[in-house]
Ligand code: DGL
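Quick setup: one chain, the form predicted on its own, written in structure tokens, and binding and motion questions come after.
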């Protein structure tokens, strides 16, 4: 059997487009509905309860639009609301988490920085993830609350965002980092600026590709993949009413 219903993807705003690009890349014949909740962005500075409520509402909205699977393309929303969404829905629900495993295992005892929103770093889920790799790497955390706002406005380069990122890494300026984990789906859009600040030889890791591969596996397992021969479509919806930035970011390389 096949299922030609769309796949629902949502984020606190436009950041989840970095995950959507990976999904479209490995499942080009699927249709997607992307919901960006820019009206309520950023999620990373809100309370756990607020984010859980928004995450559940977003998932319900996409399920009511007939989606056969849901991708929570936001680290903070996955951490705060992923469990509640999985308990609520009887369809595949895939979340995302910081790609700490490949970073920690990149070489022998690397020095790794994890960039993420304040809430992602405070939650027990991240603490448990970090504990798993404590013996493999030296791990530093870098709270980056302002980057989401830049990406939401379509500001992906320039002195303002470069100075912001430089400020976040100031405490680590004397540490030779081997890798950086981009623990928010907005961050891959400013990876060139991050590289400019930390150096080209520092390897960047994000969880988008792993999330896409996991969804493909789950859909295949449940015979939910589309049998469509032509290229699928992406429908954009944003709680702010404006989807221009999403469409622009999907074309970014």
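Just so it is clear, the model here is predicted, and its values are computed rather than measured. Residue numbers count along the first chain shown, from 1.
Below, we turn to the form predicted in complex with this ligand, even though it does not appear here.
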- request: Given that the partner is absent here, state which listed stretch (182 to 190, 218 to 226, 62 to 70, 196 to 204) has heavy atoms within 4.5 Å of this ligand in the model of the complex.
  value: 182 to 190
query: Is there a non-hydrogen atom of residue 148 within 4.5 angstroms of a non-hydrogen atom of this ligand in the model of the complex?
result: yes
message: Whether residue 42 contacts this ligand in the model of the complex should be assessed with a 4.5 Å heavy atom distance threshold; does it?
response: yes
- prompt: Counting only heavy atoms, which residues in 84 to 120 are within 4.5 Å of this ligand in the model of the complex?
  reply: 117, 120
